[in-house]
Ligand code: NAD
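What follows is a single chain, given as structure tokens, in the form predicted on its own.
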């Protein structure tokens, strides 16, 4: 089957298996080229491991520290007539690369919020690893069915209290216009917290603790974002920000639970990047395009893999927490030397000067690469195997 990108809104509905494999290989090369990571984790569970920061974390752990990894995700397989999701192809490529390197990798495809998947993963850890010394929580989902009550919650990206109007980039047309987002209502905040907050993270850690599957000194990380104040109404002070606050509440609770193991829970505040999740947030794509331009000029731009590598290489044993106890991998983004020109360009940017002030080509390239398109060395005119299997999920 010949696969081309088909864009609908903020998502690409196709994915290229060879392109996704090349993208995974490039990320592995980034880690390998930096040399082995000393004192990193050895047995890692990544919840939400198929794309973005979760995938990068799995790659950095496996190919930086040689860690055995178990990955959990919810993706769709393909066949001879339709594509799988990008996360499926990413995970297949990761497992193939890990097998070639002699590194243990096992994956589980299903609802990570469910008790069933937790039970399957627990059984695998008992059978194969004994215990894990690191748990990465990197789920981004629009909905969650509570495993105890059966109630389904849906997250929303809305401001709180009043509507919010600001500049926005139509990434399909390159037009800079305005977007107005109506405020949260009814149970929007509570439902977003239920989906994107810390309850499920805590459920995972509780389940692992109950089975004695966490090694002494275990560390667990959940990913968050803060950003500049121009995005705060839709992010930090919006519904998603309330969910991120709940992550910090759970982090403190987990610290107490892990104390007998001399373990530690962390919220890692990461850099703004093009991911499947961030592409859906109004205002943010324009900010990211402006940010990429400045950070590339400063030589400080990082993608997910560089961020994950820096977490394990530089912050795993030397976390350098901020005043609220968070790891700040967004430190280069929030450097005033970066933020000042980004904010100045934000006030000046329009459709006509977008190409000069923003890295719109870089944004578009990063977006397409998420789905395996636009990578050098891939023949996009050739037939490809859209029915690619994940070795541990046959």
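Residue numbers count along the first chain shown, from 1. Given the structure is predicted, the values throughout are model-derived calculations rather than measurements.
Although not depicted, the form predicted in complex with this ligand is the subject of the following passage.
- For the three marked residues, 18, 93 and 386, no heavy atom of any sits within 4.5 Å of this ligand in the model of the complex.
- A residue is said to contact a partner when one of its heavy atoms sits within 4.5 Å of a partner heavy atom; residue 111 meets this definition for this ligand in the model of the complex.
- Contact check for residue 64: no non-hydrogen atom falls within 4.5 Å of this ligand in the model of the complex.
- The closest heavy atom approach of residue 75 to this ligand in the model of the complex falls within 4.5 Å.
- Although the partner is absent from this view, residue 224 contacts this ligand in the model of the complex, with a non-hydrogen atom inside 4.5 angstroms.
- This chain is drawn without this ligand; in the model of the complex, the residue among 286, 265, 196, 308 with a heavy atom within 4.5 Å of it is 196.
- This chain lacks the partner; the member of 166, 237, 219, 276 within 4.5 angstroms of this ligand in the model of the complex by a non-hydrogen atom is 276.
- From the list 338 to 346, 49 to 57, 357 to 365, 34 to 42, the contact stretch for this ligand in the model of the complex under a 4.5 Å heavy atom rule is 49 to 57.
- Shown without its partner, the chain has no residue in segment 316 to 340 with a non-hydrogen atom within 4.5 angstroms of this ligand in the model of the complex.
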